[in-house]
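As a starting point, one isolated chain is supplied in structure tokens, in the form predicted on its own.
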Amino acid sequence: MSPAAESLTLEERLGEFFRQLDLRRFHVAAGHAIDALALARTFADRIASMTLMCPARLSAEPFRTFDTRVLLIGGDRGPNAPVVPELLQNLPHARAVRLRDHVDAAWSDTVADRREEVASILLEFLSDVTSREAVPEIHLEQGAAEVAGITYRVRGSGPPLLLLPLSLSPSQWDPIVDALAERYTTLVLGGAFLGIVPTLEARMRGGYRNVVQNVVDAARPGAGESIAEIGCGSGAVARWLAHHTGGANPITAVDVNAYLLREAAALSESDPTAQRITYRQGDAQALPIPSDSFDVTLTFTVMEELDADRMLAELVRVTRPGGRVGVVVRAVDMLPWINVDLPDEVRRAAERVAGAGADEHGCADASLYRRCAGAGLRDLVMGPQYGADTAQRSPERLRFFAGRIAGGLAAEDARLFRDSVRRATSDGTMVWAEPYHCAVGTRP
């Protein structure tokens, strides 16, 4: 990709994608807030319908002009469970379906877990809107390609349906693509600029990288020692590790998410130093790795999403005696810090907006320290850290952070918050910091 193409905004990439494929009117199904908002704000006239699958907090305002053609699907418990009811308050004409006894979180595998139910709900909604809106059929060459950094796969024929990434969902839309392709020209979109991938990549360009480096330095990987990162996501940390260690250490990067592993491998292809990284698929709660395999085993903001004690036991098991285990989790028991000028009551409301949360058995608080001691790790180095960012250094992160906060505030408070962020960005003082709990210990 040319330097000019690298600097395109998400909206510009999507516009070029639509232009080259001649997509003038289409259905959209999405789960990641930034993607959905970019489409709704910039291409509302092209959107025949919008399905939001287990959305995180986001502003309802961009969807109001076509809320009769919006479908909201969410679970009835879990960190994201309040989002759909909150959106309905501002989108009164939207359709909503609550999946009974389903955990709604960024990492939920909703389409795989409720395959037939989700397919039926979505197909019925699309059929109704297609007939009312007279969405024309299109025919595209089947297969995979890329436009402006957006990868896509085409299946089937009929009215166009764009499937955008579902945050951290392991299976994404794959379980129902065949069913959708029987009636629609189904385009599955991906790449480094959509979904959770750009957020994970941007995080390692900001203050989060300092948190990671402090933990890695405390784990003291020596030249030639083997390193594992469990829950590698897009591979941003693994690639940074390869450079930080000068390529002197073999690195194994493991994730349960096949979608993220594909993106991680693609991002590593053009990086010679990353050639020492081996990507493997595996469940952090039951790693397909022999005991005593690594000198240093690391994990960063993964233990929130599963059974923390089972995962920690696995981290210890695959680490050699005398090896080090390093863990970072989000700190939901600490407040973020925001350098903006706000009335006290609005500031308190902004600080209370929930983040990604944690699974019922996950760890996103100071219990990390007790758990590490209980797992038998010795010589523990423990404590909270803040990852500080500025608008100038991390504009992508600011977009995500400010959008999440504003989405959790009342309308007037959200307006005040966004205005204060714009002012602080303009005068160069927009600084914010997110908290983490960190621990490094030695396996006896």
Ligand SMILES: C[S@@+](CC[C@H](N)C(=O)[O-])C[C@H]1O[C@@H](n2cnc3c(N)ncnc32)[C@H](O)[C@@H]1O
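Residue positions are given as counts along the sequence shown, with the first one as 1. None of the values given here were measured: they were computed from a predicted structure.
Just so you know, the form predicted together with the named molecule exists too; it's not on screen, but the next bit is about it.
Among the residues D109, E117, E133, D283, the one placing a heavy atom within 4.5 Å of the named molecule in the model of the complex is D283.
Among G326, G74, G195, G233, the residue placing a heavy atom within 4.5 Å of the named molecule in the model of the complex is G233. Although the partner is absent from this view, T185 stays clear of the named molecule in the model of the complex, with no non-hydrogen atom inside 4.5 angstroms. Although the partner is absent here, L200 is a contact residue: one of its heavy atoms lies within 4.5 angstroms of the named molecule in the model of the complex. The named molecule in the model of the complex comes within 4.5 Å of a heavy atom belonging to L168. Contact annotation: T245 falls outside 4.5 Å of the named molecule in the model of the complex, judged by heavy atom distances. Contact with the named molecule in the model of the complex, judged as any non-hydrogen atom within 4.5 angstroms, is confined among 363 to 371, 158 to 166, 251 to 259, 125 to 133 to 251 to 259. Along 277 to 309, residues G282, D283, A284, Q285, F300, T301, V302, E305, L306 each place a heavy atom within 4.5 Å of the named molecule in the model of the complex.
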